[in-house]
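A lone chain, given as C-alpha cells: the form predicted on its own.
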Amino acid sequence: MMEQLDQTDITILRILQKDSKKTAKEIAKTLNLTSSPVYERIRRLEKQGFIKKYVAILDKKLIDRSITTICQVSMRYHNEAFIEKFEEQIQALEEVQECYHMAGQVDFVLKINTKSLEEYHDFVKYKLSKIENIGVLNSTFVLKDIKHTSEFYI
C-alpha cells in the first residue's frame, strides 16, 4: 500500500500525525499548493484507510490517570475459543487502553492507566481476575514516560 503514496501524500500524513486539526488550507500553504487538491488527497487517504480517525490525546495527569501499568498475561490454555473469549472480554474493559497478542513468553500485554495503585488493585481483583483461563498476571509500573507518541515513522 505504501507504493500508492507519493511524497505529497506522505508529507500530508506526517503533518496530520503531528496536528490533526490542521486544515487543508493550512497544509496547502505549507506545501505551496492550493486547498482543493490537498482536501481531495486527505479525503482519498481517509477513504483508502491510511487515516483511521482523528483523536484528541489527553494529558493523563490532568484527567487523573497518572499510573501506567504494563500487565503481562499468560493463558492456561491456548485453543482458539479461549483466545477469542479473552480478546472479547478485554474489549469490554474500559481501563485497558491497549492490548497486544504476543509471541514469546507471554500471551498478551495490556496497557492500563488508573488514578492510583489501589484502583489498579481493584481492577485486577474485580474485573481482570474474572476472565477465565488467565494463568499468570505480571504487572510492572511505569516510573517515568520517556517517549510517548502516536506517530508512525513514514
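Residue numbers here begin at 1 and follow the sequence given. Remember, it's a predicted structure, so these values are computed and weren't measured experimentally.
Beyond what is shown, the protein has a form predicted together with the DNA; the following relates to that form.
Between 120-128, 87-95, 23-31, 63-71, the stretch whose residues reach within 4.5 angstroms of the DNA in the model of the complex through a non-hydrogen atom is 23-31. Note on the partner interface in the model of the complex: the residue among Q48, S116, S36, Q105 having a heavy atom within 4.5 angstroms of the DNA is S36. Of the heavy atoms in R43, some are within 4.5 Å of the DNA in the model of the complex.
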